[in-house]
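The form predicted alone is given below as one chain in structure tokens.
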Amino acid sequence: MKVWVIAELKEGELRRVSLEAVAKATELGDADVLELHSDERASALAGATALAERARAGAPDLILVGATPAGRDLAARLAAKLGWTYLSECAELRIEDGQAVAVRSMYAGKVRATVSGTLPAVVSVRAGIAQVADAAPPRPGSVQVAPSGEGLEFVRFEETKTTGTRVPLGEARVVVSGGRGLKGPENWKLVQDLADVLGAALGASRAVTDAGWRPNEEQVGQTGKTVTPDLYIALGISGAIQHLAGMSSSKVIVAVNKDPDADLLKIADYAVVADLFEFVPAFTEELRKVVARD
């Protein structure tokens, strides 16, 4: 089976979700990695039109796209132009009897649905779709195509760069998240200080972003971002099912909560039942000492 991965790059490097898509493509068949690019920025419509022309000629059985904002936009348009099956935001994917069979979350993570469609198909995949090997990442093939009759060509998808040096949430190997247990935005410095020591990205629960304490782009969960870091530290987060849907695939989970019955403590690798206003400053200070010694 021929599988294409449409790679998304950031600052010249493959995004984590693209690396995971490549790993999944390699499991499923013969994988080709393509990069959309152009001398000028173009819309998802332009990318989909050009890529559809390429797909008609190359005849892949399956096209995987990372379920990022740009990737979701591209994948839906591409499937529509080709008239192919489209499966969106899939957390699991397999091929059975000529069909793409996927598992995706619905209703804010309360339901995990199995969906399927006949090949060929376009599938947008969420972070955590596959484990990435430690080997050198693949480099996308250089795809040069003539502009279509509409004057469209391939385009590299890029995100607007954010200020500051903190690692983006979707790319982070360490994430420190805060929840309603912090009691107010004035206490968010506890989360930031710990994240700074660890070189981590900042995350937040839906309750926090809904309350306006933190920007929506920091929300982790079914209605926010799905993360799969090596280490996920949750401070004052009870563990609503929609939040668990966005971080439960993390390799190591540390949860700090004064409520011993909090759902997140039940799935954590390290569960700390403590007052976070006492525990977190002490924990952060000890980590600073360790970092200073190293």
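Predicted model only: the values in this text are computed from it and were never measured. Numbers for residues come from their place in the sequence shown, where the first is 1.
There is another form of the same protein, the form predicted in complex with a small molecule; it is not shown, and what comes next is about it.
Quick one: of Gly239, Pro229, Pro60, Gly47, which gets a non-hydrogen atom within 4.5 angstroms of the small molecule in the predicted bound form?
In short, Gly239.
Select from the listed residues Ala207, Leu169, Ala130, Leu198 the one whose heavy atoms reach within 4.5 Å of the small molecule in the predicted bound form.
Selected option: Ala207.
Heavy atoms within 4.5 Å of the small molecule in the predicted bound form: which stretch in 116-124, 77-85, 93-101, 179-187 meets that?
Partner-contacting stretch among the options: 179-187.
I'd like to know whether Asn257 contacts the small molecule in the predicted bound form, with contact meaning heavy atoms within 4.5 angstroms.
Yes, Asn257 is a contact residue.
Might Asp275 be said to contact the small molecule in the predicted bound form, defining contact as any heavy atom within 4.5 Å?
Contact with the small molecule, yes.
Wondering, does Ala262 line up within 4.5 Å of the small molecule in the predicted bound form on heavy atoms?
Yes, Ala262 lies within 4.5 Å of the small molecule in the predicted bound form.
Is Ser105 close enough to the small molecule in the predicted bound form to count, meaning some heavy atom within 4.5 Å?
Judged by the heavy-atom cut-off of 4.5 Å, Ser105 is well away from the small molecule in the predicted bound form.
Please tell me whether the candidate spot formed by Val3, Lys24 and Thr26 is one where all three residues come within 4.5 Å of the small molecule in the predicted bound form (heavy atoms).
Per the other structure, none of Val3, Lys24 and Thr26 touch the small molecule.
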